[in-house]
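Single chain ahead, by itself, as structure tokens, in the form predicted on its own.
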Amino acid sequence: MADRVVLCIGTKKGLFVAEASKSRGRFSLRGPFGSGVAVYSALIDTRKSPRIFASSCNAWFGMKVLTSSDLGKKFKETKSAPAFPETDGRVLANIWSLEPGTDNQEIWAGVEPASLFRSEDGGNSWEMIAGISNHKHSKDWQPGAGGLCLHTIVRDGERIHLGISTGGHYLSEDGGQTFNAANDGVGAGFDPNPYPEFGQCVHKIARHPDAPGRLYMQNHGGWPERPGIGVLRSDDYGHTWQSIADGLPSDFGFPIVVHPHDPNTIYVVPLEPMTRTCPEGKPAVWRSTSGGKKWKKLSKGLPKHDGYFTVLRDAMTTDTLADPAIYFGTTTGQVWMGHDSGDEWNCLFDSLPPINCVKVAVV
């Protein structure tokens, strides 16, 4: 019976693991693992006995995938990490996403430069998925501020949604054999063409398993001359997108998260587009319980002023308990937990290294 909440916190200086009982009263912390090396992606795999996977990418000592079978007490390296063929010419710079596949041993990885890899043996060997990695558009993708990264993998049976910065949203409906750009309604504020076929700076995509046709997107918004392109929704499996940004203080941000028990409830963290920090130094998570029709500010317990941090694309998540909590990590090293679906917040840790990603599981 699941009785513990486990957090994986990927930071600029390695991976931390925090653990608490289901009451979430106090989290103990261990780590850092992969000490001194930035961790941009983590996965708590609960399909069988829980396993933790984390990227550990170092420009001098190479790319690694760390794994733990004891909930983060010890880690070891898998036998290999994703790598391009020697004749390819591209060199792996980072691993931005780790997601479970269909089989218990299958894992998918989104990497920089934007490409997709799959392992069928728990991360010990990897194959590149040519349908997107060698897509005819790939030579025209350009790096965003964080690099040319494939950061989001959303799987739904034979459908696979990918988020690429800066490439846009790509959809496969044949299990990853082929991919098509699916950006109808997704704007690009930096492009002379406001709605190009591809090349948008998608920041994150999320969905709920009970509403597979509906997806939510945090896109690169914050463009005064092209308002409302930052927070979007699709109701046709990602083929077309509509703005749901009305009512938010800014449509720029990075993460977007869906409530685990309600596909109509979503969370975003609006940021000032130029500084990429909380508007007026007053941090807040914004929640919609109507699929983006209306928004409510959630700030009880968060700093009332002088809070100029950033929440990155994979640094917000939610657990799956009956009364779920929301978690986010900041670039200033704080981990916040929002009780009662985000109604009230308290700081779990306030002095970690800058945080890239936060993942949670009930095990």
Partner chain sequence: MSVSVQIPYALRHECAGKSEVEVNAGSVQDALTDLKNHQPKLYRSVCDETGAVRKHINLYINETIIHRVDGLQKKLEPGDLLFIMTAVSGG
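Residue numbers count along the first chain shown, from 1. Please read all numbers here as calculations on a predicted model, not as lab measurements.
Unshown form predicted in complex with its partner chain; subsequent notes refer to it.
Colleague: Checking a candidate spot here: are Lys13, Lys64 and Glu86 all in contact with its partner chain in the predicted complex (at least one heavy atom each within 4.5 Å)?
Modeller: So, yes: the whole triplet contacts its partner chain.
Colleague: Since exactly one of Arg90, His137, Arg155, His208 fits, which has a heavy atom within 4.5 Å of its partner chain in the predicted complex?
Modeller: Filtering the options by heavy-atom distance leaves Arg90.
Colleague: Asp121, Glu272, Asp191, Glu77: which sits within 4.5 Å of its partner chain in the predicted complex by any heavy atom?
Modeller: Only one option qualifies, and that one is Glu77.
Colleague: I'd like to know whether Ala59 contacts its partner chain in the predicted complex, with contact meaning heavy atoms within 4.5 angstroms.
Modeller: Within the cut-off, so yes.
Colleague: Any idea which of 91 to 99, 253 to 261, 125 to 133, 176 to 184 reaches within 4.5 Å of its partner chain in the predicted complex, heavy atoms considered?
Modeller: The contacting stretch here is 91 to 99.
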